[in-house]
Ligand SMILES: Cc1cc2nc3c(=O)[nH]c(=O)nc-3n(C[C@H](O)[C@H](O)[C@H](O)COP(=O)(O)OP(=O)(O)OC[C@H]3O[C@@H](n4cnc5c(N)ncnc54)[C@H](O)[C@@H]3O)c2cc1C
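As a starting point, one isolated chain is supplied in structure tokens, in the form predicted alone.
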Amino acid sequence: MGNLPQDSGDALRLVRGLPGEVRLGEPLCHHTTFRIGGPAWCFFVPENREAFVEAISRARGEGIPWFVLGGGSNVLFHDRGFPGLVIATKGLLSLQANEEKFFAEAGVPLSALVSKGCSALAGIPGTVGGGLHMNAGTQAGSISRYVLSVEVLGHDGLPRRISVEECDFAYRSSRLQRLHLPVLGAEFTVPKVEATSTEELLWRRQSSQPVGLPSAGCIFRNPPNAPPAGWLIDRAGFKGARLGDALVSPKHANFICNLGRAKASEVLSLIERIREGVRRVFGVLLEPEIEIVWA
């Protein structure tokens, strides 16, 4: 985790002079769709890409833990929070388009891409940066199908443009995620005609997923050469299972919902029980799709 910071003075010094909003001890539950997570040592919303790059470079240089947060739709923070710098991309909202392609910064909501014709992303609540990291998608396709290139911040602290092939996109994963490369933005193209309409995808989401309660989306990846994770969890007897205010959705067993005051520890315990139960019944080890940020 690097050098754990000690006081607020260190936090203010870390981002001093950078344009943006700084909050000390900001509750992370206010910034995730799970509505779970303790305070961040320092929560920073950079106004522009230069401040975003510099904040990460400073944290790297001082060995301070850092985490880039987009829409917070696929993440579980610890109840104790995060003992470092959380950099939110909500200020990186530039979207430049022409007739054939467009460039979107990391904080642009995926819904904005849908409005540009990327209908396979309909109903996904994340942002460009997070969506690219995990290759977010629906049954109609993933974000990678639209990508021409991605701009990342390299480990040397320099921005660089990489091709879609270099991103090594796979089912709910990418090289960006594996190498912890922060996304600055990406260039996209869209097909002239999509096989599935936005309206149909939104209807499927509303009818099959627990959209009325806080959650982080699907908890587990669908395993290869096996039935979907939701089917396995249901048949293993976990649909409707509850621990505190953490509930395995009765509507879709691959969702864990927050009934109001769920703790990260309760969610994690349910995840481990489900994994062990499915392994015991079916011999399949489920892998989490959400990002678990543990202190």
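Just so it is clear, the model here is predicted, and its values are computed rather than measured. Numbers follow the displayed sequence, beginning with 1.
Note that the form predicted in complex with this ligand isn't included here; everything after this is about it.
Contact here is defined as any heavy atom lying within 4.5 Å of this ligand in the predicted complex, and by that definition not a single one of Ser173, Gly230 and Leu286 is a contact residue. Looking at 35-43, 62-70, 260-268, 243-251, the stretch with residues near this ligand in the predicted complex, meaning non-hydrogen atoms within 4.5 angstroms, turns out to be 62-70.
Shown without its partner, this chain lists Ile162, Val147, Leu181, Ala112 as candidates; in the predicted complex, only Leu181 has a non-hydrogen atom within 4.5 angstroms of this ligand. None of Leu85, Cys118, Ala216, Ala104 but one reaches within 4.5 angstroms of this ligand in the predicted complex through a heavy atom, and that residue is Ala216.
This ligand is not drawn, but in the predicted complex it has no heavy atom within 4.5 Å of Phe238. Interface membership of Asn222, defined by any non-hydrogen atom within 4.5 Å of this ligand in the predicted complex, is ruled out.
Among residues of the shown chain, Arg205 is one whose heavy atoms approach this ligand to within 4.5 Å in the predicted complex. Although the partner is absent here, Gly81 is not a contact residue: none of its heavy atoms lies within 4.5 angstroms of this ligand in the predicted complex. Interface residues of 125-140, taken as those with a heavy atom within 4.5 Å of this ligand in the predicted complex (partner not displayed): Pro125, Gly126, Thr127, Gly129, Gly130, Gly131, His133, Met134, Ala136, Gly137, Thr138, in sequence order.
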